[in-house]
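Here you get one chain, nothing else, as structure tokens; it is the form predicted alone.
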């Protein structure tokens, strides 16, 4: 008897061009999962991007560019179902239904909401309305994304683990009240690498303007890397190990970001050579930056080529989205109809 195919779900917000933090934190894991024979659903979370919006943002354009980059990175539309969250409107319906049984106190324990409350209490400058209904209800919408496709496994970083656990709680509460209807998901560590920003910040992020992007051309790559501050003189590392997890945390932050990228992209002997240069106190910053820029541009080149290739233009991507929405809609509608029936309001007559 064949083993039941595992259903995997993950998503990413359309907040602009994909950068190296996105790639090594999420996209790389997506590529690995699709090769393991799972049923993989990957969605671009444009609804989630609205939770803190204060003015119009062209999320549609950002979605198109992001999807083109996904495909250029190797995400296979034959092996994976890749769709836009808002192309599945029944997700909003499930969000409404699940919201009816979700306690306010439960939502207020969400880390994102609590973080905003802490910043408000500290009188930090926060633009717009950070405490929107959408932000408070974010865990219910995320639960709807997960439960609507009956996902078994949700690979997440540590910052999203609580939200998956909240989805599990919501599903369990629903099933205990209305009968076994929803699949209980489980969170698994994505073993995501949190890539430091070029400014030495703990995380590479668009809002901090400290990213290397996957579509950066060689001139832009070189300019960004040359702009990294490396004024601290090399000193003792305090370890005899050459392993990056032992070496990189001991380096000055911005320099550590360069070494992390070098380890990921260059041959091992190149990385080890620069570890040795640091230990010996040599003058190597200029060579390090130009060497790293060469390897970054080499990594970007095929992605840029595939991004611009015929069949990966806007019209092709729009058709691709339409076809993928058709693939995911039947299972999503089946889930919503089962929830409606379980709660006692019956099947939708307009979909009958």
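These numbers come from a predicted model, not from an experiment. Residue numbers count along the first chain shown, from 1.
We do not show the form predicted in complex with a small molecule, though everything after this point is about it.
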{"property": "Contact test, all of 12, 146 and 154, partner the small molecule in the predicted bound form, heavy atom 4.5 Å", "result": "yes"}
{"property": "Which of 156-164, 251-259, 193-201, 98-106 sits within 4.5 Å of the small molecule in the predicted bound form, heavy atom basis", "result": "156-164"}
{"property": "Touches the small molecule in the predicted bound form: residue 278 (any heavy atom, 4.5 Å)", "result": "no"}
{"property": "Residue 48 within 4.5 Å of the small molecule in the predicted bound form, heavy atoms", "result": "yes"}
{"property": "Proximity of residue 142 to the small molecule in the predicted bound form, heavy atoms at 4.5 Å", "result": "yes"}
{"property": "The small molecule contact at residue 43 in the predicted bound form, heavy atom, 4.5 Å", "result": "yes"}
